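Each of two forms of one protein chain follows alone as structure tokens, named structure 1 and structure 2.
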Structure 1
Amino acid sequence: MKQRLALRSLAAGVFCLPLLAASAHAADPIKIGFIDPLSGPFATTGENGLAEFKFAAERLVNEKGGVLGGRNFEIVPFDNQVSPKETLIKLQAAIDEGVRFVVQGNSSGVANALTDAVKKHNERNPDKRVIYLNYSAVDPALTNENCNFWHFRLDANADIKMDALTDVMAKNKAITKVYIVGQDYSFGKAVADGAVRDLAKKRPEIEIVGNELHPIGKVKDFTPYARKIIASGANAVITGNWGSDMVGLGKAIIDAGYKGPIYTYYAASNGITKTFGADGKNVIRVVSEGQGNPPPSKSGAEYITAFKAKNPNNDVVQPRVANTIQLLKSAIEKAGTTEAVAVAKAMEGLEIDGVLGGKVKMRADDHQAIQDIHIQVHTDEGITFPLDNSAYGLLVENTVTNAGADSLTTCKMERPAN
């Protein structure tokens, strides 16, 4: 034992000679600022995300000996209450604490404010530059007109998801009439516009029999909307709804006698899977990255099992969280430093194996991750990893590999010289 240890340190000493300067601070952890809601109505989503980040840092980095010769990842949580104003205050607090990598995901409104603040901060403080890893905000603008060099998006944006969804819908000849319904705000509108645009391009003969927005969080009873969907004769429904608006709408549609697919973005976990239960079987479908069922790979299955063992009341809802940590680790190793410009440049074009299957490549042009997108169905058959501690979970039905790899971007980012 002693001999092996000595051998190891000898090897480390020989091979890491060029990194001697860096490993002088080998004990210092690399701080990753997690800026998301940890109180208020969206705290559940934030807390689940934090649990996923803590687990990913522990399992993918710290247990494997850290990076740059033994430096660990440390997740430092900051509660932004989903407020753009609070986010900027927390960003400053994080930077003062020595955080140089921030992760955020809930709300595109917050993301737009944060990406702008990070850009300005980096211009003014070249010695304290920060990288922003966006793991969930899907507003296409963030990697198009509002893009910048410091922002990297690990989730597929709303346009890429819609592109993948309509690819699958276009192949399904049973779908002839589509009803689009969503919450009356920017994301609901983006989903509706994307669906109309993509379906017209891919299957012009599909009839859009309904396209409407309802007040967000104000509808007491979704039955009238369900009646209209039945009346329209639709055989597919698309919605970007989330939270109680998603459950209310889905349940009303199913109760009204609808049997076709309901394509959604966020109808899983956080109590939603358990609430839909048997009613939603083979009806509710979710378009997302990362796959749990069937298990993507042996290591992926072990990852989910270990997560559940440590966090019995949470689920691996956002596989992209694990990819965020994996990508950052690979980039730091490739750059050989934690300096922001070098790490950001190392991240451009970098390809990693997705922790839950597939490949994830960070496109250099706009910093949008290109990965496989799955259409998953809510069911209790063939489920290895159920959600909400129920019998039900999501099973991959269709996969679009490297979704959006050829998608165009209007992003023209300025890259720093050094």
Structure 2
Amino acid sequence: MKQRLALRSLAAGVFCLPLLAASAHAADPIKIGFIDPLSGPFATTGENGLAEFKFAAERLVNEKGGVLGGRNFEIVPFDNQVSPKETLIKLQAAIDEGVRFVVQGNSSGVANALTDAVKKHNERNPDKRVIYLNYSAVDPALTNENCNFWHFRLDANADIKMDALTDVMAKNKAITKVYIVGQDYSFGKAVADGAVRDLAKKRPEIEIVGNELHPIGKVKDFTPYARKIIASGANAVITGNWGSDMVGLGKAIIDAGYKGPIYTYYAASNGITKTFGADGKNVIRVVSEGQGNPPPSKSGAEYITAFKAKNPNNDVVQPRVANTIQLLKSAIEKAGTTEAVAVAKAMEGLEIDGVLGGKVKMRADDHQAIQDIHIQVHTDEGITFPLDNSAYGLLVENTVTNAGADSLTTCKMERPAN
């Protein structure tokens, strides 16, 4: 009798082992590798992105019970120092740690290296495939000639943003002379090319009085550039600068006495808004997705408030971060698995309601997110959510609905058979 009971207990124990293993597996976190600068001149930008990703994962996924029966999102940071070479090293380190989803956004030069590396890795390692979610690198080539099945862009590309921006600029008859200045790499060149092309098409009488590029992250004094802008008689400036280069350029232009609009892509973040302060009021403008002022909704306002309470030295300045987490969550739930091919296919054509405003749809043809784009002004009037622990924030002035929905793509997507 005792032997039978022992056998039954043993059998029960053996039977329970798979259940316990399955339960443990179900609770394993889904690791998302954050590969961006966390040291060097652009560390502030990377640290802000990391804070936004950690908060979005916690609030939009983990606090709601996770996915696939209780699996949480875990953001795993890797410092790439804005170096393509270092990025490839960190990508391999992330894969070795079990990461199958990576996010990156700072520098299109890095993004082009990363998307190529992910593609090659997936070809060689079908059992360890990785999806790359690009939240901020906007070189148009990434969803055109350099597109691939494993890359998804949540930000509007440089051409889509420029199309929206020049729609607004074309209506301002006070603008007659434009100076274009930016960082000397693929994104900076894309901004310049797009500005020249779109202004010529929409306002051919506008004169481009300057068009130059400077080394990225290496200029210590932007005064010579500011002097040239003033001397040119420009009454509008366009720049794609970000991070410390945006601070240095913008401050030098304003300090030189320039009073016209400075149209930017990334002039709102830690150390930027407060630096511009009163001098940037009604001068600095940003073209971007999402909004904080006016708040997009009650849930959006609650999201921003909760983030600030948890991150007093950071701000929600990249709504596309929340969109990235929302889209990935929805795709995993739709696929019913974290297997890369299934998740990527689920993401194609998927639409979400962004917590920070507007619908976001992932276009299947080229994996480019289509969404509303706003032109926002740096001001202290009508601001519910100021930035950078200052009195100033960004207020929506103009909105282009579903920007880029009809834009063409040269992407020739190659999809895996399985």
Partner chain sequence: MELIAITLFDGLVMGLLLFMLSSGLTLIFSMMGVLNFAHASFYMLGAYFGFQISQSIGFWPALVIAPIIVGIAGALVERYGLRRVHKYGHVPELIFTFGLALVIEEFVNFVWGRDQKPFQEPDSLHFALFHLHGYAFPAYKVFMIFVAVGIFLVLLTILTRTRIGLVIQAALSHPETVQNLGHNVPLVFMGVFGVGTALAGLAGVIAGPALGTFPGMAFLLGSIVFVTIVVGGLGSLWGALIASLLIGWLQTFAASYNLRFADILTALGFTRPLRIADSVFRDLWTLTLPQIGPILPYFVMVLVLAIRPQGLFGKREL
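This structure is a prediction, so every number in the text was calculated from the model and none was measured. Numbers follow structure 1, counted from its first residue as 1. Basically, rigid core = biggest C-alpha set you can superpose within 1.5 Å across the two forms.
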Index of the chain form predicted in complex with the partner chain, chosen from the pair: 1
After core superposition, I'd like to know whether A170 moves between structure 1 and structure 2 (criterion: C-alpha shift of 2 angstroms or more). yes
After fitting the core, G250 CA displacement of 2 Å or more between structure 1 and structure 2: yes
For K228, does the CA position differ by 2 Å or more between structure 1 and structure 2 when the superposition is done on the rigid core? yes
Rigid core superposed, V237 Cα shift between structure 1 and structure 2 in Å? 3.0
Superposed on the core, the Cα displacement of P215 between structure 1 and structure 2 in Å comes to 6.1
